[in-house]
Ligand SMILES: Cc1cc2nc3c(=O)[nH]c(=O)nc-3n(C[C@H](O)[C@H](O)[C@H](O)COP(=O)(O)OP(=O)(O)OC[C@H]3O[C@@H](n4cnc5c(N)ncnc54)[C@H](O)[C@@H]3O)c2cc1C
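The data below hold one chain only, encoded as C-alpha cells and taken in the form predicted on its own.
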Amino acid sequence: MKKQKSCDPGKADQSMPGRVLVIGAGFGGIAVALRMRAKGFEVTLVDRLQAIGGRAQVFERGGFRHDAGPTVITAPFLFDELFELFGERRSDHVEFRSLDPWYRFYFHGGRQFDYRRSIEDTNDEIRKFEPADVEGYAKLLKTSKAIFDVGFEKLADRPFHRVRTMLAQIPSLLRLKSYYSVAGIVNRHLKHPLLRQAFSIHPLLVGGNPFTTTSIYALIHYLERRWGVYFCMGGTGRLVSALHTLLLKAGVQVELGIDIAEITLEKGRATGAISESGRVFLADRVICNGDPPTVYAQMLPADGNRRKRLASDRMTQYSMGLFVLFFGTKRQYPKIAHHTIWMGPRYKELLADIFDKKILADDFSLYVHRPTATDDSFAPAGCDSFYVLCPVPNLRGKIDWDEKGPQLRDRIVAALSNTIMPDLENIISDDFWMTPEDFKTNYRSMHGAGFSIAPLFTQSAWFRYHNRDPHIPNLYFAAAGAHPGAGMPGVLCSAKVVEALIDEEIQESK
C-alpha cells in the first residue's frame, strides 16, 4: 500500500520511554492507553468509529437515548483506578448508583424472581420457589468465592503467555473443578429448575453457553456480592465521555474515524500501522483492542504464523451473536425493573440451537434494559427508553438478517406485549435494531460474534489469545478475545495484564 504523510506527532519528549499506538477505543483500549500514558509513554489511541467506547456507543432517536453496549457495572474499582492514575476521583465525574433488584427474572408461565442486593432479600425470593435452595445458594456462594480467590484475585490480571504459568495453576484449577461447566456447578447446589436457570445465566453476559462455559466464570456470583451491581447515571455513554475527557487531559492523542488496514512489521517487530486512507502511525509498541481473530486475519502480513492462525480459526468456537432492539414507549412501564431477564419456554435446548445448531428458533429468551427505571433523562417526560437483547446464532449460522430481522422484531414485540409490557405494539416509538451483520460491519467482529471467542475451558487462560503475540514481541492485546475474557471487568483486567508485561520488559532491559 502506498504510504502517504505520517501522522507521527513529531520528535518525542526525551523523557518518554517510547511511542505506543493503541488500536481500538473500547474499554480495554481506553484503559491501556491511560495506563501507558501514566507510565510516561507517548500514546496515540485510534478507532474507526466517530466516538470512543467501542460497543458502548450512544444512539439518540426521537428524544430517546440508548446505550448501545454494556450497561451492567461490576468491580467499579477497576474504573476508579484509571482516574486515580492521574490524581482524580471517579466519583467527582460520574455517579455509579447501586441497583436493587440487580436482575428481575420473568419465567415462561408468569413466575418472577428478583435477584436482590442483600443476601437476606435474595433468600426470601429463593424461598418462594424452594426453601431448601437457601442452603444451596449459600454453598454456591462459598464455591464461587473459592473460584474468585484464584480465578480473579490471582489470575485475571496476570499474564498467561508462558506454558509454565498455566502448568503452575493446574492443581488449583483441578481442585476448583474448572473442567465443569457453570451450569454444572450451579446444578450441584440448587434443585429448583427455574432457580437453576436464574443462577446459571452469567456466562451469557460474556458470550458463553452456561452448559459449556468453564466453571471459572462462576466467580461472577461472588464478584457481584463483593462489589455490587451498578448503573452509571447518565448511562455508560456518560462514563465513556468522562474517560474521553481524562484521556485528553492526560495527554493521549485520540484519533477517530481511523480504520486500520495493516499493522506494519520490520525485522519481526511491529513498527506501527497504516489506515485504510493511507495514514501512517509510527510506534515502538502496538496494542490492539480489536477482536484478535480479525487482527490476525485482516491486519497482519500473510506469513506462516498468520496462516496457522487462519487454519486454527476453523476449530475456534465463537460466542453467540446478538439481535438488539432499541425503542421508546409513549407511556411508562413502572413495574419493569432496570434489568429484566425474560426467559422463554426452553433453556438448555434453546442454547443448543443458538450455539451448536446455529439456527434461529421460533422461541427466544431476552435481556430487557429499562434505564428510565433509574434515570429519567433517557426519555421524554412520561415515556420509557428500552433496549432488548436477544441471543442468536453468529454469522456461521447463515441467517438472512435482511429477512429475519424484521420478523424477529415483530415476534419480540408481540411476546413482550403478551406478558410484561401490555399494549406495546401500540405505544412503541422510534424502534430500530442491530444484527450480527452490524457487529461484523461496525465493530469488525469475526463472524459477527457478540463477545469474540467463546469462554470455554480450552479457550481460556493460556489457551485464549495471548496478551502478547508469541512471535511479534512488541504486539499486544487488551481485548475481549484475549486473556482473561469478555465483559467490562475482563477487558479492564486485560489492560492490566498488558501493563504487567511491559513493566516486566522494562525491568529486564535495565
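The first residue of the shown sequence is 1; numbering continues from there. The shown structure was predicted, so the numbers you read here are calculated from the model rather than taken from an experiment.
Beyond the structure shown, there is the form predicted in complex with this ligand, which is absent from this document and is the topic of what follows.
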Problem - Complete contact of L99, P101 and A198 with this ligand in the predicted complex (any heavy atom, 4.5 Å) - result: no
Exercise for the section: Counting non-hydrogen atoms within 4.5 angstroms of this ligand in the predicted complex, say which of G54, G448, P484, P455 makes the cut. Expected result: G54
Exercise for the section: State yes or no: in the predicted complex, is some non-hydrogen atom of I472 no more than 4.5 angstroms from a non-hydrogen atom of this ligand? Expected result: no
Exercise for the section: Indicate whether D47 is a 4.5 Å heavy atom neighbour of this ligand in the predicted complex. Expected result: yes
Problem - Partner contact for G290 in the predicted complex: this ligand, 4.5 angstroms, heavy atom - result: yes
Practice task
Using the partner position in the predicted complex, report whether M299 sits within 4.5 Å of this ligand, counting heavy atoms only.
Solution key: yes
Practice task
Please name which of the stretches 139-147, 410-418, 385-393, 181-189 has residues with heavy atoms lying within 4.5 Å of this ligand in the predicted complex.
Solution key: 385-393
Practice task
For the heavy atom contacts within 4.5 Å of this ligand in the predicted complex, list the residues of 51-74 involved, in sequence order.
Solution key: G53, G54, R55, A68, G69, P70, T71, V72
